[in-house]
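Next comes just one chain, in C-alpha cells: the form predicted on its own.
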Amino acid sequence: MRIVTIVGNRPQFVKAAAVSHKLRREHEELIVHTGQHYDDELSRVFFDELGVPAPDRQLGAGSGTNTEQTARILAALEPVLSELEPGLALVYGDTNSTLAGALATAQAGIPVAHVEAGMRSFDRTMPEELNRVLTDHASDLLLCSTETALRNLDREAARGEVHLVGDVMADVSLAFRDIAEERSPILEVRGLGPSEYFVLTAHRPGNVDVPERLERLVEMIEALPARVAFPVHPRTEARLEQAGLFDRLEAAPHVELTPPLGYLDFLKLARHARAILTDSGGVQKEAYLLGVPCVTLRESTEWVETVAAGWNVLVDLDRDAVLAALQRRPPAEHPELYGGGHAADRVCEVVGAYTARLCRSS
C-alpha cells in the first residue's frame, strides 16, 4: 500500500528514522516534509545522520503563529494528498505538522495512523496538548508508547483502533548511542568532561515568549552550580536578542552557548551530562533512556512515567526548586518503560495488519 508519512520537526525525523526503512520492506512509503523546521541544523542534518529517506515532497511551511503555520500546512497538503492518493497517512507526535497532517488526510477520507497517541499533560495552555487530543480523535489507528497512553484513550472513548507498540524514539536512542560515542567529538570540541556539566534546552512559547518568564529562565541559568551546555534553538535566540538577554548569557563564564546540534552530538552531550534541564518532551524521554537525571522546566509533562520512576522532577522556572532538584541522587532502579528497542517492528506489524484489512474490504 502507498503510505504517506508527514513530518516537520526534529523529533519526528528521529522517529521516522526508526520506522521508515522497515515500513518500506512491505509498503511504498513517501515522506512529506512540511518545513516546520526549515533550518538545516534542525532539519537536513537529521536526515543525513540518521539515514532517513529523503523527503519526496517539501512544503516549505516556515515559521509563524500556531494558527498561521497550521493553516499553511493544511493548504499545502491538500493538493499533495490529491496527487499522491495514499491508502494511509502516518503522523508522529504533537506538533502543528501532526495536527495539520491528521486533519488534511481525515478530511480527504484517508485513514490516519498516529504514532505516540494518547500522551497527555492535561495542560491545555500548551499548544502541543491540543494538537495531541485533536489528532487522536481524528485518527483511525492509535499507536501508543505506554500503558498510561492506553488508559488516556480509553477514558476519552477515542474511536480509533488502539495498540500498545512502545516508543520508536527509544529504538533510535538505543541504536545510535554507541555510534554517537564513537563518531561525535562534541565533548573534546567544547572542552567538557563527563559529569562535569549540565545540558539545558528551552524553546516552549510559555517559557521564551513571555518576557518575565524568559528573564526568570536566564536568572536560573546564571545560578546553576556547574558549567552549562546550552544548544540554543533559533526562536529562543531571537527572543533572547529581542529582550536584550543574549549578551547577558554570553557573558556568564560557566554558560556554553552553542548552535542547535545534530542528533549524534546531542546524544553524546546528553549521555555524559550530570543532569539535563529542559522544557522539551522529547528531551525528557531521551534523558530517561540515557539514564541521566532530568529537571523539567514546566509544571506538567506528558511523560509521567519518568516522574513516577524518580528520574524526572517538575520545577517550572523556580530557581530554588531547580537547585534542590539538582542535588537529588538518581534512583537505584531504572525500569524499562518504552519497549526496549522494538517499537518500530510493532508499528510496522500493526500497520501491516491494518492495511491488509483495508485492502480486503476495498
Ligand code: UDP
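Fair warning: this is a prediction, and the values are worked out from it, not measured in the lab. Numbers follow the displayed sequence, beginning with 1.
The discussion below concerns the form predicted together with uridine-5'-diphosphate (UDP), not included here.
J.: From the candidate stretches 245 to 253, 133 to 141, 197 to 205, 216 to 224, select the single one in contact with uridine-5'-diphosphate (UDP) in the model of the complex, where contact means a heavy atom within 4.5 Å.
T.: Correct option: 197 to 205.
J.: Report yes if any heavy atom of Cys348 sits within 4.5 Å of a heavy atom of uridine-5'-diphosphate (UDP) in the model of the complex; otherwise report no.
T.: So Cys348 does not count as contacting uridine-5'-diphosphate (UDP).
J.: Taking heavy atoms only, is Val14 within 4.5 angstroms of uridine-5'-diphosphate (UDP) in the model of the complex?
T.: Yes, Val14 sits close enough to uridine-5'-diphosphate (UDP) in the model of the complex that at least one of its heavy atoms falls within 4.5 Å.
J.: Is Gly262 part of the interface with uridine-5'-diphosphate (UDP) in the model of the complex - any heavy atom within 4.5 Å?
T.: Gly262: contacts uridine-5'-diphosphate (UDP) in the model of the complex.
J.: Within 4.5 Å, heavy atoms only: does Glu286 come near uridine-5'-diphosphate (UDP) in the model of the complex?
T.: Glu286: yes, in contact with uridine-5'-diphosphate (UDP) in the model of the complex.
J.: Have a look at Val91, Ala117, Ala100, Met169 for me and say which one sits with a heavy atom within 4.5 Å of uridine-5'-diphosphate (UDP) in the model of the complex.
T.: Checked against the cut-off, the match is Met169.
J.: Would you give me the residues of 266 to 292 that have any heavy atom within 4.5 Å of uridine-5'-diphosphate (UDP) in the model of the complex, in order from first to last?
T.: Contacting residues: Phe266, Ser280, Gly281, Gly282, Val283, Glu286.
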